[in-house]
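Coming up is one lone chain in structure tokens, specifically the form predicted alone.
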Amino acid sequence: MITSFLFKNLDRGIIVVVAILLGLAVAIPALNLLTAPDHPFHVPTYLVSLFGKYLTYALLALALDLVWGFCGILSLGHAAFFALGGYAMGMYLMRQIGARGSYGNPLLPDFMVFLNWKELPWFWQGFDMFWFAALMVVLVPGLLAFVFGWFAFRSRVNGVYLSIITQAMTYALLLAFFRNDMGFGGNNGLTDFKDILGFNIQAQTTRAALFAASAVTLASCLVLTTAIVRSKYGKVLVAVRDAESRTRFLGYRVEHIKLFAFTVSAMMAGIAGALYVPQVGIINPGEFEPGNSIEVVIWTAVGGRGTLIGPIVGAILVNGGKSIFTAAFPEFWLFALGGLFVFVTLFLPKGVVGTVSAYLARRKAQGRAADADKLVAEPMAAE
């Protein structure tokens, strides 16, 4: 029953991408762990972590596409949800250090000892348990999105005003997390992680497992998002995007429809942040930077918003290009990124995947038209 539902709601392109992600979840760790360093197909551990980071960015872009591509909500605050999920995971990882920190305090993280904290704050309680941290990874961003969306959507804040408010929310969190008295490490954030689920976080096998977890999670979220947008609710979601007033006039509670999509999207962004932190080894207030949210918009636009596959492709392409470009011309990267966004806006408004899909659909329609003309011409020629 579940299989028939999935195949009914997934088109061929989605199935191919899911299969590729699941294949990579097996192939990349195998090429890293089972091949010698001098083997031509060996994947170095640093590349495994780098590719895993790209997949978390792809998941973040997919989360944005759910609300921007299918609901018309241009959120400039998804970096906040990403960072909150990252901080929840970082707090768990900090609790796992225990007495192995620089100050040897088994109860307090090093930065709290340095700042003369006497006891662990109440909001750090429970983060020594992975299940609790995993719950907070989705609950905290989801709750923030729910409360924010409840007031914003009920007040019918739309368009550029909503975008500005989401960016203001992100900037407010940035300023708050920079404060040392907030209890989140201040400017330095959380780092120097040791273990995750009892495994050395720097170990080659752990890095491979984190990559596999990122690939499987991205594939699962892609299936979930596809099922949402292809359902009856997804049809109403698109109706809200294209004609909100008419949808409201038909009797739909538009604010509820938006709120559900916005909350689910925030939870996905939180999961992306949680997978990101153990692979890069640090989380700090810089992740709240409003510029990060704008970059996610660029990834989605480059790949093609409203396509599901497009944001994944855009995130991987742009960040892959960023790794190469910043190594060669680091001072020109922001100019290149801005130029890329302008180019896509002017010449590829549907993004890479959207443009390719439109071209293939046009070719298919032309082929059908040619076949129809041929069928009509044959009886006439026989006469």
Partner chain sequence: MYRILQTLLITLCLLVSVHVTGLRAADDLAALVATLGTAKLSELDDRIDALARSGDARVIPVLEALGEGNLYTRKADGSVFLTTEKGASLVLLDPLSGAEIGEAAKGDIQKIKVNNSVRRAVRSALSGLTLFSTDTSARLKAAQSMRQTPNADALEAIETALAAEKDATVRKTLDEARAVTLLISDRSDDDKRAAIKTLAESGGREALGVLTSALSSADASLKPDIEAALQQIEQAQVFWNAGQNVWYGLSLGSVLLLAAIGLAITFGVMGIINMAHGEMVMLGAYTTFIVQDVIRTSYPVLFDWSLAIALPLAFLVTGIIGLAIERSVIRFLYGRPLETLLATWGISLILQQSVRSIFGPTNREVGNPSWMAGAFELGGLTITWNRMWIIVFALAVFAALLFLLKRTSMGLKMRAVTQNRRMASSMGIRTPLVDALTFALGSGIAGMAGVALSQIDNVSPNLGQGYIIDSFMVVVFGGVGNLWGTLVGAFSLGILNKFLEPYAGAVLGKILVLVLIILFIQKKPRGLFALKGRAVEA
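Everything numeric here is computed off the predicted structure, so don't read it as measured data. Numbering follows the first chain given and starts at 1.
The following text describes the form predicted together with the partner chain, which does not appear among the structures shown.
So in the predicted bound form, does any heavy atom of residue 38 sit within 4.5 Å of the partner chain?
No, residue 38 sits far enough from the partner chain in the predicted bound form that none of its heavy atoms falls within 4.5 Å.
Does residue 341 reach the partner chain in the predicted bound form if we count a contact as any heavy atom within 4.5 Å?
Yes, contact at 4.5 Å.
Check residue 171 for me: does it contact the partner chain in the predicted bound form (non-hydrogen atoms, 4.5 angstroms)?
Result yes; residue 171 sits at the interface with the partner chain in the predicted bound form.
Mark residue 139 yes when one of its heavy atoms lies within 4.5 Å of a heavy atom of the partner chain in the predicted bound form, and no otherwise.
Flag for residue 139 set to no.
Check each of 151, 199, 132, 123 and return the one that places a heavy atom within 4.5 angstroms of the partner chain in the predicted bound form.
Contact with the partner chain in the predicted bound form is made by 151 alone.
Just to be sure I understand the contacts: of 297, 97, 112, 221, which is the one whose heavy atoms reach within 4.5 angstroms of the partner chain in the predicted bound form?
Contact check passes for 297.
Only one of these stretches, 123-131, 158-166, 268-276, 210-218, has heavy atoms within 4.5 Å of the partner chain in the predicted bound form; which one is it?
Single hit among the candidates: 158-166.
If you look in the predicted bound form, which residues in 55-86 sit within 4.5 Å of the partner chain (heavy atoms)?
Going through 55-86 in order - heavy atoms within 4.5 Å of the partner chain in the predicted bound form - the hits are 68, 72, 74, 76.
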